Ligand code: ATP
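We begin with a single chain expressed as structure tokens, specifically the form predicted alone.
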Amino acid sequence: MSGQEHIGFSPAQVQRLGELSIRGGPEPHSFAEVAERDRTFEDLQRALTLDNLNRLDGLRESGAPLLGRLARNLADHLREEGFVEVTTPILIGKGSLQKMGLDPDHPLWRQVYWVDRSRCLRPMLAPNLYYLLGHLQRIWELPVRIFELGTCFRKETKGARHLSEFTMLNLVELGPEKEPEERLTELAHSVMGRAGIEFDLETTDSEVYGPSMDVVVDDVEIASGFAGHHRLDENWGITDAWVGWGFGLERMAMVLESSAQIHRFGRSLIYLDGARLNIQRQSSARQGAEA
């Protein structure tokens, strides 16, 4: 084979190995012959199929996928920290988006799923939490601490780290007893520590809030947060300082599994708890023959 080009996996083989591998596509391989390449592909496919089967067997035994376990763990933790869980509507009005500073010229406006002329599937949890805080600040003493775990919807087209239907954990504390930025940092460490994920904090510029802070793992944004007063507050009758974080749970699951694809952990008919479903077990006779 001297002087000849070596052979790599075919596009179909690369796709299949990428589908089966929870941590991404295959490493680059170079083969002298097609037969050698195909044997290697079959070996890798069998091994990865077994990994997926083992993951599904583990799910059947536990009955709880990673995303569900993560959500319950974080909800329990926030309740222990004095936060109250709330549940708000998935359908929201156009006026709620406008009070968040969104209009037809805003980039996020084009990502909204509209149900009719005046209502949409919520692209974020913030409008409803703002609305609740406007009432609760009159009823409860400060600080008011609430959180919501819920599905949001955006027309995302950015690839392996974005979903059109995703799960958010939003927490907000109105009237923090510490300096807002200090409390914001403290809450990031509290949530990420409970999840068991090491992270960095980076300053950034949010599409909605402007100057803000991100929780980042490697180069993956896990959460976005804000501390202090904001110009949007007056739209909701909020006068006290507040801190808040929005965590993407599928992204948290993705980094916990060192995976390259968020779609494995979202709502899907193709994957279940990260495992590919278009697989099957080998028959006992075949397994015995191969052994």
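Predicted model only: the values in this text are computed from it and were never measured. In case it trips you up, residue 1 is the first one in the sequence shown, and so on.
The following text describes the form predicted together with the named molecule, which does not appear among the structures shown.
Colleague: Quick one: which of 226-234, 57-65, 242-250, 29-37 gets within 4.5 Å of the named molecule in the predicted complex, going by heavy atoms?
Modeller: Partner-contacting stretch among the options: 242-250.
Colleague: Could you tell me which one of 179, 85, 186, 156 places a heavy atom within 4.5 Å of the named molecule in the predicted complex?
Modeller: So the residue touching the named molecule in the predicted complex, by this definition, is 156.
Colleague: Let me know the one among 162, 99, 194, 119 whose heavy atoms come within 4.5 Å of the named molecule in the predicted complex, would you?
Modeller: Partner contact (heavy atom, 4.5 Å) among the options: 162.
Colleague: Please tell me whether the candidate spot formed by 22, 53 and 271 is one where all three residues come within 4.5 Å of the named molecule in the predicted complex (heavy atoms).
Modeller: Per the other structure, none of 22, 53 and 271 touch the named molecule.
Colleague: Mark residue 221 yes when one of its heavy atoms lies within 4.5 Å of a heavy atom of the named molecule in the predicted complex, and no otherwise.
Modeller: Yes, residue 221 sits close enough to the named molecule in the predicted complex that at least one of its heavy atoms falls within 4.5 Å.
Colleague: Can residue 92 be called a contact residue for the named molecule in the predicted complex at 4.5 Å between heavy atoms?
Modeller: It does not: once the named molecule is placed as it appears in the predicted complex, residue 92 has no heavy atom within 4.5 Å of it.
Colleague: Hey, in the predicted complex, does residue 168 get a heavy atom within 4.5 angstroms of the named molecule?
Modeller: It does: once the named molecule is placed as it appears in the predicted complex, residue 168 has a heavy atom within 4.5 Å of it.
Colleague: May I ask you to check whether residue 48 falls inside a 4.5 Å heavy atom distance of the named molecule in the predicted complex?
Modeller: The answer is no: residue 48 has no heavy atom within 4.5 Å of the named molecule.
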